[in-house]
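To begin, one chain is listed below as structure tokens, in the form predicted alone.
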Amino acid sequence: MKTITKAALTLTAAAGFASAGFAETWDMPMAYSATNFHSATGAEFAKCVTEGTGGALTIKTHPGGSLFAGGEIKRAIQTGQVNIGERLLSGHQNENALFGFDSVPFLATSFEDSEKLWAAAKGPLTKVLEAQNLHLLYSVPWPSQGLYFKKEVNSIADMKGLKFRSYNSATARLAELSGMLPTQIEAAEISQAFATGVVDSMISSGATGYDRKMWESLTHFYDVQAWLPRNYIMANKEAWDALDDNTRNVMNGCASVAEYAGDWRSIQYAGFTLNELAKHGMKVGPAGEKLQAELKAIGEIMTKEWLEKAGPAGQAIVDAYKAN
């Protein structure tokens, strides 16, 4: 596969380079480790922009929450502390329910359905972000979410009382409805939280489990395919508007290829990481019929609650998604 830089330069060749007399650096905070596929895609996007603008705009990535913690990144971009960054927007659905469209349980459980749901939500979400001084550049899905435990779990009753790592209000609500005790833990803190016993279960993708070597703390992964949350690369809108047309064209070209490459990586990474979890001793497989049925019942409750909070805008997204 061609690198993002080479492909994007082909896409944006007609735009030309930005003015050689203008040069600046944008710091780009990212919540996940440098080895994570989202961070790798972001690093290639940054290189693409830097080379595509002839150095007029240099983007420097800061993975692993090293510049700002995950929960601080969105606000940092909005307020201009940084001009660009990556964030899991569902972590902010308490401020706007639409940010949680990608975390409605069992609404979109495959990569194909995730893309259809994104097509339905992209327009409304972009408008919400612009009103918050944010410009959306691209978005990449995680693989589908599964449940991690340190014991065999066959029903909701087996989950009662477990300390559960949550990363947004949807995961916290899932924990509450299944009798677990949710604790908000950002991605960079996962390994320490499990190693110290702060939490002993979570819902996440195989990618997170592989990146964080969860086999060192946990024993079971149930591939329940609850949803595919998305990461978003966003720029401060004022900073974006201040760029010249050539620079914006290069960034748009790089963003398009990054989204394509990120989607491809996510699909490939899904199978690879589940195999790696199993290779390192974890029991990996689907949930039993009873547990799956109980989870879907909880999903129906959560879907109803989300639609009530999201209102007509949320219903319009679901209707558009189902119409396709």
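From 1 onward, residues are counted along the sequence shown. This structure is a prediction, so every number in the text was calculated from the model and none was measured.
Omitted from view is the form predicted together with a small molecule, to which the following refers.
- Task: Can you work out whether the small molecule is within 4.5 angstroms of a heavy atom in all three of 29, 67 and 83 in the model of the complex?
- Result: Answer is no for this spot.
- Message: Can you work out which of 226, 234, 88, 180 has a heavy atom no more than 4.5 Å from the small molecule in the model of the complex?
- Response: Contact residue from the list: 88.
- Query: Heavy atom within 4.5 Å of the small molecule in the model of the complex: which of 214, 140, 187, 120?
  - Reply: Contact residue from the list: 187.
- With heavy atoms only and a cut-off of 4.5 Å, decide whether residue 101 touches the small molecule in the model of the complex. So residue 101 does not count as contacting the small molecule.
- Query: Taking the shortest heavy atom distance, is residue 164 within 4.5 Å of the small molecule in the model of the complex?
  - Reply: Taking the distances in the model of the complex, the answer for residue 164 is no, it never comes within 4.5 Å of the small molecule.
- Message: Residue-level question: is residue 204 within 4.5 Å of the small molecule in the model of the complex, judged on heavy atoms?
- Response: Residue 204: contacts the small molecule in the model of the complex.
- Item | Touches the small molecule in the model of the complex: residue 208 (any heavy atom, 4.5 Å) | Yes, residue 208 lies within 4.5 Å of the small molecule in the model of the complex.
- Contact stretch among 152 to 160, 165 to 173, 111 to 119, 69 to 77 - heavy atom within 4.5 Å of the small molecule in the model of the complex: Flagged stretch: 165 to 173.
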